[in-house]
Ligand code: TK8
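In structure tokens, the next block holds one chain alone, the form predicted on its own.
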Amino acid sequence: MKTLTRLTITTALAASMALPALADISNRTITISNGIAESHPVGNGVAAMRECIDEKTEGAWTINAFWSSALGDDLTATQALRSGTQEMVITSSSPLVGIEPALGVFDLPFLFSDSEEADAILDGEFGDFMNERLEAVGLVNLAYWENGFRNLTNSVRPVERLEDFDGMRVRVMQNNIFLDTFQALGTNATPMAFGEVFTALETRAIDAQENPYVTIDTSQFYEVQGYLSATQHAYTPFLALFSGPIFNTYSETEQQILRDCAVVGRDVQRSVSRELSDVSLANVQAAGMQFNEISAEEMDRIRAAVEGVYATHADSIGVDVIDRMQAELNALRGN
């Protein structure tokens, strides 16, 4: 009887300790907007995040994900977060520099050497520093996911040297750093929302676009582009952004669930993205795209052509932001 009493008391105490957490979880529906297709690794990340949330909330939350800009482009969706009319968007950092100019640091050409270096910066103190700036404009970055290294496709010719960029009509993301980078390379750069790119390529309104291999594959750009060149000119992260006004109405328990499950989604999404990068490159070649790498000598010429972009945008990004990024990169590289 004493043993049974002790077990009953222990069980009751455990239940009472769990009750506050459960009581802090309300029934909620969370809408997630994406500019890319569900077949992209972001789809795997969202699935992992949904599973995590379902487990932690015991099914109290419903996650509704919308793909391929079904709810509008990423900038429009992000503005909806700031106004508190939508919960979440997973977006590249690049369209958001008009909201937080410091995000432009991620668009600077040839910033990161590899994905491991990018992870260390994004998941470390610099990433926290950027998250604080985002919170000041009404956005909560739950985690940095991966968009990846960007490469050029076009319907004109292989890009094997600097001069091959000349006159090419290239779609770039809607920010001035990408615009200036590609203008410095001699192209006719055209800012455009991602959801409009396929049709613009198909109708030959533009000749070219630039994205990671997985996005090129999952967006089926091989249907309207003949050439793929390994420029790796930029690495851009995805941000798993949540509405600041809505986030502030959640309990601390709910806020932590969002953060924890976004990290679970991040780890799955990054892993799948990296596994699929080589697969996607093979896929687009099998679909008929002509692929080429660029010699080290020509890559040096290309990098030199865009060096001025750093100085041009130092004031808009913030000299302190660029200096902080470069200091952390130097520390990582042992410089």
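Residue numbers here begin at 1 and follow the sequence given. Just so we're clear, the structure is a prediction, and the values are computed from it rather than from any experiment.
Same protein, other form: the form predicted in complex with the named molecule, not shown, and the subject of what follows.
Interface membership of R171, defined by any non-hydrogen atom within 4.5 Å of the named molecule in the model of the complex, is confirmed. Residue contact check for I32: none of its heavy atoms lie within 4.5 Å of the named molecule in the model of the complex. A residue is said to contact a partner when one of its heavy atoms sits within 4.5 Å of a partner heavy atom; T181 fails this definition for the named molecule in the model of the complex, lying far away.
Contact annotation for I302: none of its heavy atoms lies within 4.5 Å of the named molecule in the model of the complex. Contact check at 4.5 Å (heavy atoms) against the named molecule in the model of the complex: all three of I36, D74 and T215 pass. Interface residue among F149, F194, Y144, F165, judged by heavy atoms within 4.5 Å of the named molecule in the model of the complex: F194. Residue-level contacts in the model of the complex: of Q86, N211, Q225, T231, one residue has a heavy atom within 4.5 Å of the named molecule, and it is N211. Figure note: of the listed segments 249-257, 171-179, 105-113, 152-160, the one touching the named molecule in the model of the complex, with heavy atoms no more than 4.5 Å away, is 171-179. In the model of the complex, the named molecule lies within 4.5 angstroms of a heavy atom of only one residue of 236-262, namely F238.
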